[in-house]
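Only one chain is given next, in C-alpha cells, and it is the form predicted on its own.
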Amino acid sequence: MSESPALPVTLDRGSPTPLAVQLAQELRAAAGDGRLRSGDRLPSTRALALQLNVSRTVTAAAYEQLHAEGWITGKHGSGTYVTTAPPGSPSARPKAKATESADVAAVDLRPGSPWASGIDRSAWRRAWRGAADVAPLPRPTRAGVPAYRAAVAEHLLRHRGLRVSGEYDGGEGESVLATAGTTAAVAELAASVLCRGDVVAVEEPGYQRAVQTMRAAGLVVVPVPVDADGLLLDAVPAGARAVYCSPAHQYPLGRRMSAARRVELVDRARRDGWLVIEDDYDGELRYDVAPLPLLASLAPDVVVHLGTTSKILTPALGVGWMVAPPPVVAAVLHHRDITGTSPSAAGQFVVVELARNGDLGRHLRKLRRELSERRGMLVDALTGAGVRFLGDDAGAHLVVPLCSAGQEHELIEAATGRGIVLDGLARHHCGPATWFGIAVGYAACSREQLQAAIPDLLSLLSRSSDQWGTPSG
C-alpha cells in the first residue's frame, strides 16, 4: 500500500457546483483513470481540508459519498484507502476461477525450459544485491562487461574445456563477447558478418528460432538432414557461406556429432570457406561422460561458438556469450557501434556475482545431479514399458519417435486432455517434416509432477502400438 503525498484535485470556487461534489468528482475521476490506484492511502479529512483550504465538512461529505459508492474504504486505526482499480487495469480484470487456474497449471513436458525453480533463492538474492552495488555505467560496454567476459572465460575452461584468449578490457586480442542470448547472437552474425542472399546450411530438424532469424535477415536457409553422427556434410549445398549446428547435443533429436564428423566438418569449413556457427545451448549438461570438446577448440579460426545461461539458469536474464575469430569479433563490435546496440549489463553483473561467490558452480553440480536423476526416472519407465527413445544421456529432454504426423498430433492432443503439454518433432523442420515423435522435457516441471505424469504418458504411448517404427528421417 502507498500513500499519495498530494492528491490531483482542483476546485473551482466560482462554480455553482458545491465544493464537496467537485471534490468527489475529482477523486472519482482520479481513481477511474489510474492517477489513484487501488491500495493508495488518502489523507485524512482534516489534512485534506488544510491542503485544499476548505472546511472539514467539505472533505468529510466528499469521502462519505465516495465510501457509499464503494470507491474508498476506511480501516479503523489505519486510514482511508482507494479500493477500486481503473477500468482496464490488470487488477480490475476479473480473476480466473480456481478451475481455470488448474487448467492453466498443466504439467509442462516440453523441451527448452530450464530447472529455474532449482536456483537457490538465497544465492539468487545475493547475486542481485551484489549486482546492484555496482556503480552505474557511464556508457554501454559494446563487448560486454569485462568481469562478465572473464567469468565466461573461466566457465568455458572449467566446464567446456575451451581456453580462450583476451584481457577483456576492450583491447586487441579479445575473443569473448557478451550477447543477449543465442538467437540475438545469430541475428548479429547475420547483420555483421553475413550478407543478404548468403546461403546458410542448418540441421533438419533443428532450432527454428535461429532459422527464422536468419530468414528475417535475408539469408537463404537450406535444411540439411542429420543422421546418427550429425549433419550430413555431403548435403551442404555448394556455395554455402555458413553452417549452423548443435554438435554437442543436437536439437531436438538429442544426439551428439561423432568425432569423425567433427573433424570432417572443420576440414570442409577450411577448404570451402564455411563459417561454422556452433550452438552449445546445453553443453554443460552431460551425465555419462565429461562434456564433449567444442568445435571451437578444434578450429578456432573458422568456428563461432555460442553459449547461453538460458538452460543452466533462466532465459529471463537474457545473457549469453560468443567466442569467435578476430575478424568476426571486429565485425560484430563494429555493427554494435554503428547501430548503438549492446547487450544489457544487468544480467551480466548477476552472473558475475554468482560466479564470484561460487554459487554458479554449486548450482551446476546440483543441476546435473537433479536432471540426471529425472532422466533416469523417465528412461527406466520407458524401458520397462518397451518404448523406444532417442537421445544421449545429457541435456533436459529425450525423444520418443513416432511414424507419422497424424500419430504425433493425436498423441499431443490426447496428452493435452490429460493435463500434459508435449512438443512434437514435426514443427522443428524448416522444410517438409521427415521426423515425427515427441520431445519430452523433464526440467520445467517439478519432480513430483514428472512422477505423476509418467503413468499417463506411458498409457498414451501404449495406444500408439506402431510407435517403434522407424521415421523417414
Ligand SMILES: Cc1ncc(COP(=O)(O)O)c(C=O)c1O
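One-based numbering along the sequence shown. A quick note: this is a predicted structure, and the numbers were derived from the prediction, not measured.
There is another form of this protein, the form predicted in complex with the named molecule, and it is not shown here; the text below is about that form.
Counting non-hydrogen atoms within 4.5 angstroms of the named molecule in the model of the complex, say which of Y281, W274, W115, F349 makes the cut.
Only one listed residue qualifies here, and that residue is Y281.
Of the options H155, R336, R262, K311, which one has a non-hydrogen atom that comes within 4.5 Å of the named molecule in the model of the complex?
Of the candidates H155, R336, R262, K311, K311 is the one lying within 4.5 Å of the named molecule in the model of the complex.
Given that the partner is absent here, state which listed stretch (143-151, 372-380, 387-395, 177-185) has heavy atoms within 4.5 Å of the named molecule in the model of the complex.
Among the listed stretches, the partner-contacting one is 177-185.
Neighbours of the named molecule in the model of the complex among 195-221 [non-hydrogen atom within 4.5 angstroms]
The one in contact is Y207.
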